[in-house]
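What follows is one chain in structure tokens, specifically the form predicted alone.
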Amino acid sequence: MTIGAACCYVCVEHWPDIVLRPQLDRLTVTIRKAYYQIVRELLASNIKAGTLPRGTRLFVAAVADRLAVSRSPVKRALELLAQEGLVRQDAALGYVVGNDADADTGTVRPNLHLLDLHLPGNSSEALVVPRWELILGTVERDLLHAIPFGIYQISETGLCDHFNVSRTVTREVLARLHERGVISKDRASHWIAGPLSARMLDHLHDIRQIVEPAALGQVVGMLVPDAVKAMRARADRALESGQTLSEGELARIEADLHETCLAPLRNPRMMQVVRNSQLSFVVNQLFATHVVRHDETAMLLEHRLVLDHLAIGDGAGAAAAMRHHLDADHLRTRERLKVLAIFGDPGQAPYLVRLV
């Protein structure tokens, strides 16, 4: 069973116990397997393959961190492996790969993140996606598409019912969104989203002006020249057509500069800051969807200038061109937000209650 990244509602008879991520744009769900079963299978296969050699110390916390799961399923998986004789339990060393007959083998405590473990998709990323992460993106999208039109209260019960998840999963989602600054609590401890104001856009713009050009400057030498040429060609074709961009074309061109070009960035925290500050994309998309498709000639020329500097490896020039683009785009976004505020809410998720 595969769930696309844009799916807005997930309801299955038995919620999947684990999600594998072989690709960034899709979620492949394996049903009817508990976390501890998947962890046990993965550890067993790596032990048998020798990627987890005899004498390797496996502490519950370290394995949980490597596989991006909680400690409970890891503990259960290691207990099963001990029963099968693939590992042994030691009071001082946690679990050690090998059985009692190998007790005299020297033990090592490697950094599990540096081991070339056999994982689905041969990925070094987190192996599994917890249940809360399965719906986090959709909930965030629902909120960001609502707050330009007002202030909303989030119903925890409604959120549980809509996604068919437990209260624990819902609270984890809300906690994550609170950390990102998407939602807040009022005096009555209700979760509140919005409003999206011009001041909020100004604050996010200040962050983007510092972080995004700096991030772009760091990846100049990592970009594939042919990929940059392809992005430049897309911008050229859009300019030459003289036609208003479709929603898909606009999204692709925006993603070229603000996602694909930054993908090689080796600082994940920096990348997260960039993504969390790109709220202008939501405003522009809503404006194009609910008001009018707009002429993007200026934006395309700005993008092309950045790409030209990237094509010749000019990091400083690319950063300067990016700052110019962000300033111009910010002014356009502010004006579009004013127009959106006049329109009524075009529709909202059922777990949102409009307050203002």
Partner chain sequence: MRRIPPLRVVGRSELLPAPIREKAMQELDFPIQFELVDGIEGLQRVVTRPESFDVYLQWHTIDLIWTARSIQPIDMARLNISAEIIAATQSQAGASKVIDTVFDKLFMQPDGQLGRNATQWLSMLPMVHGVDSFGYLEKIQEALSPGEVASWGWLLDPRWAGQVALVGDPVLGIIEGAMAVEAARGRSFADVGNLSVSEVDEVVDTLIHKKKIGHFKGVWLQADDAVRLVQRGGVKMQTIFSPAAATLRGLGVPIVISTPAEGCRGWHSDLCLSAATTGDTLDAAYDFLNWCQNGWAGACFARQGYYATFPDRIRAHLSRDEWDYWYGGIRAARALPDPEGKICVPKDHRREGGSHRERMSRARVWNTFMDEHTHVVRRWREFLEA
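What you see is a predicted model, and the numbers here were worked out from it, not measured in a lab. Numbering follows the first chain given and starts at 1.
One more form of this protein, predicted in complex with its partner chain, exists but is not displayed; see below.
Partner proximity in the predicted complex, defined as non-hydrogen atoms within 4.5 angstroms of its partner chain, places exactly one of 220-228, 169-177, 260-268, 198-206 at the interface: 198-206. In the predicted complex, its partner chain sits within 4.5 Å of a heavy atom belonging to residue 150.
Taking non-hydrogen atoms only, residue 326 never approaches its partner chain to within 4.5 angstroms in the predicted complex. Its partner chain is not shown here, and in the predicted complex it never comes within 4.5 Å of any heavy atom of residue 44.
In the predicted complex, residue 35 stays away from its partner chain, with no heavy atom inside 4.5 Å. Out of the listed residues 312, 316, 292, 61, 292 is the one that sits within 4.5 Å of its partner chain in the predicted complex by at least one heavy atom. Compared with the form shown here, the C-alpha atoms of residue 291 and residue 243 sit at least 3 Å closer together in the predicted complex.
In the predicted complex, the Cα-Cα separation between residue 291 and residue 244 shrinks by 3 Å or more relative to the displayed conformation.
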